[in-house]
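As a starting point, one isolated chain is supplied in structure tokens, in the form predicted on its own.
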């Protein structure tokens, strides 16, 4: 099936799914997948695993909360046509700043630097009350109404999330084919050769991180409309690890794997309580992650791709 066919199928889901499946599973998986896409993009094309993607999503989410309607009396309200671009701009700038800090780091060093940034942002939001309302954070955040359609409606928020996810994949595909995208991949494959040619590697790295900030910010905006609240817990170590788990399950070398991993993670998170005690969810997700790493070290996306490839090959051989 072509991508357009998958998109049409997903767009028709509101006609057959109830609000539980549409909201708690489908919409949540799309939003989590968009944020995870920002990580898999960096891992795939820059070769860097970033632990700061929850921070970037949080920057956008806090911007929407501060400059939008809330019930805590912090910030001031702007029209959503102003607050949304502002949130994306701030998350993009923050991504670029993180890239500038981590530009000379690879492997475990990049992981540790971005993790340190994420943890620092977590404690900063917890301790700052003027901008982030400290421990409590923001609540009562309402999604806007556009052309008479409230985005609080499950079907409307789902379709918006689906459209954002599709647009994010299109932007990723366009970016990696652009001259800057090719430079980013060159930094991944042979940074020494670029330097030998006199081409600076800082600009591609910062641009890649900034683009990932834009992607994560898009997911962060949708997430705060979905949750209708945000606090330091939204950008803590738990969400940081969750995004990594989603990306690993789907496949760190496949951008679309972020959505595959998100679906698996959300299904486990939603229905694990029917299998085990809620307190043991981390044990379950750890066991599933270990199994996937052993059976499919490149993620479920690559496993499915290889399976379909072998199926086509066997059918071709049978035809001959």
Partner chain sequence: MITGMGGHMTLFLIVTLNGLTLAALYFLAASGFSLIFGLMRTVNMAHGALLLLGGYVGYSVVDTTGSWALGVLSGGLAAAFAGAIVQAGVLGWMQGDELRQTLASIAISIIMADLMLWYWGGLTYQVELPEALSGGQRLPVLGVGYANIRLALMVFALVTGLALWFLIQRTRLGAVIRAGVDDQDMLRALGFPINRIFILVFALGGLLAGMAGVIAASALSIAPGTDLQFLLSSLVVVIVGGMGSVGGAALGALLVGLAEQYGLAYAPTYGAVFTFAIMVVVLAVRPQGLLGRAEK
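Residue numbers count along the first chain shown, from 1. Note that this is a predicted model, so its numbers are computed, not measured.
This protein has a second form, the form predicted together with the partner chain, left out of what is shown; the following refers to that one.
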Query raised in the report: Between the options 237, 89, 146, 72, which residue brings a heavy atom to within 4.5 Å of the partner chain in the predicted complex?
Result: 237
Report summary line: Checking 156, 167, 241, 82 against the partner chain in the predicted complex, the residue with a non-hydrogen atom inside 4.5 angstroms turns out to be 241
Query raised in the report: At the 4.5 Å heavy atom threshold, is residue 270 in contact with the partner chain in the predicted complex?
Result: no
Query - Contact of residue 262 with the partner chain in the predicted complex (heavy atom, 4.5 Å) - result: no
Query - Touches the partner chain in the predicted complex: residue 172 (any heavy atom, 4.5 Å) - result: no
Query raised in the report: Quick one: does residue 151 come within 4.5 Å of the partner chain in the predicted complex, counting heavy atoms only?
Result: no
**Report entry** Interface segment, criterion being heavy atoms within 4.5 Å of the partner chain in the predicted complex, picked from 215-223, 157-165, 74-82, 116-124
**Finding:** 116-124
Query raised in the report: Going through 239-260 from first to last, which residues have a non-hydrogen atom within 4.5 Å of the partner chain in the predicted complex?
Result: 241, 244, 245, 248, 252
